[in-house]
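Given next, in structure tokens, is a single chain: the form predicted alone.
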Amino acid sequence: MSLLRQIGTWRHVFKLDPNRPLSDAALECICTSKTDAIIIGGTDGITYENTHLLWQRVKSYEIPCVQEISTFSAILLGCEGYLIPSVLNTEDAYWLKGAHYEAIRTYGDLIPWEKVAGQGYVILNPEAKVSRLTHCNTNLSTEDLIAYARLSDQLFHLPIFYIEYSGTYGQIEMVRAARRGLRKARLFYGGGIRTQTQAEEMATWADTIVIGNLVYEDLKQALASVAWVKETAQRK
């Protein structure tokens, strides 16, 4: 199955950070939880060594695993797929297309394009590391978000539109606004989900829920989120 077709089936995914410790027992629980996929990626402290180590550990389980690229010095050769974020609300064009240009100029002949999917990212937590790193304008209205969704989906034709609150639970009206702006792209939501109510609320509007920090804060709740999201998705 192609990467884009795989992404179209994802309701719940775990994002694992190579720079954060995760025991073998916890990783086994995550990889056998009936989540739809594992995304490997993070913001800081990402190296080839820690990324490759985590990938090798995940590969021992029968679960789709893709890498979200944040630095091209840590790219995993032979990974099942690659998610490439373009930060739409950045004030620094490097994070929209500059880093991408550098990577393609250097590695263009080696890129397995059939395994690559672009993501239109909108980061909405001003205190998040990724927001500060990419110089995001997070003071957006619902009208702004609808416009970004349309830009990503209907002009750039990116298959994923990703709303990222990065550790903070987001505003549901922003997610609903993004939903209104999309025709084809899959809507990803990530950020701050810690309870069943929150998971169900976001899964009502988003196509795919990404659980990251909760893995490291409360593994039991993280594992429970799989059923919370999938049961909500079935009722949509």
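Fair warning: this is a prediction, and the values are worked out from it, not measured in the lab. Residues carry their position along the shown sequence, with the first being 1.
Although it is not shown, the form predicted in complex with SN-glycerol-1-phosphate (1GP) is what the next lines describe.
K.L.:
Taking heavy atoms only, is T90 within 4.5 angstroms of SN-glycerol-1-phosphate (1GP) in the model of the complex?
P.N.:
The answer is no: T90 has no heavy atom within 4.5 Å of SN-glycerol-1-phosphate (1GP).
K.L.:
Does SN-glycerol-1-phosphate (1GP) come within 4.5 Å of any heavy atom of R11 in the model of the complex?
P.N.:
R11 lies outside the contact set for SN-glycerol-1-phosphate (1GP).
K.L.:
Looking in the model of the complex, any heavy atom of S166 within 4.5 Å of SN-glycerol-1-phosphate (1GP)?
P.N.:
Yes.
K.L.:
Within 4.5 Å, heavy atoms only: does N213 come near SN-glycerol-1-phosphate (1GP) in the model of the complex?
P.N.:
Looking in the model of the complex, residue contacts with SN-glycerol-1-phosphate (1GP) include N213, since a heavy atom lies within 4.5 Å.
K.L.:
So if I measure heavy atom distances to SN-glycerol-1-phosphate (1GP) in the model of the complex, which of the stretches 26-34, 51-59, 203-211, 176-184 falls within 4.5 Å?
P.N.:
Residues of 203-211 come within 4.5 Å of the partner.
K.L.:
Does any residue in 173-191 get within 4.5 Å of SN-glycerol-1-phosphate (1GP) in the model of the complex, counting heavy atoms only, and if so which ones?
P.N.:
Read in sequence order, the residues that approach SN-glycerol-1-phosphate (1GP) (within 4.5 Å, in the model of the complex) are G190, G191.
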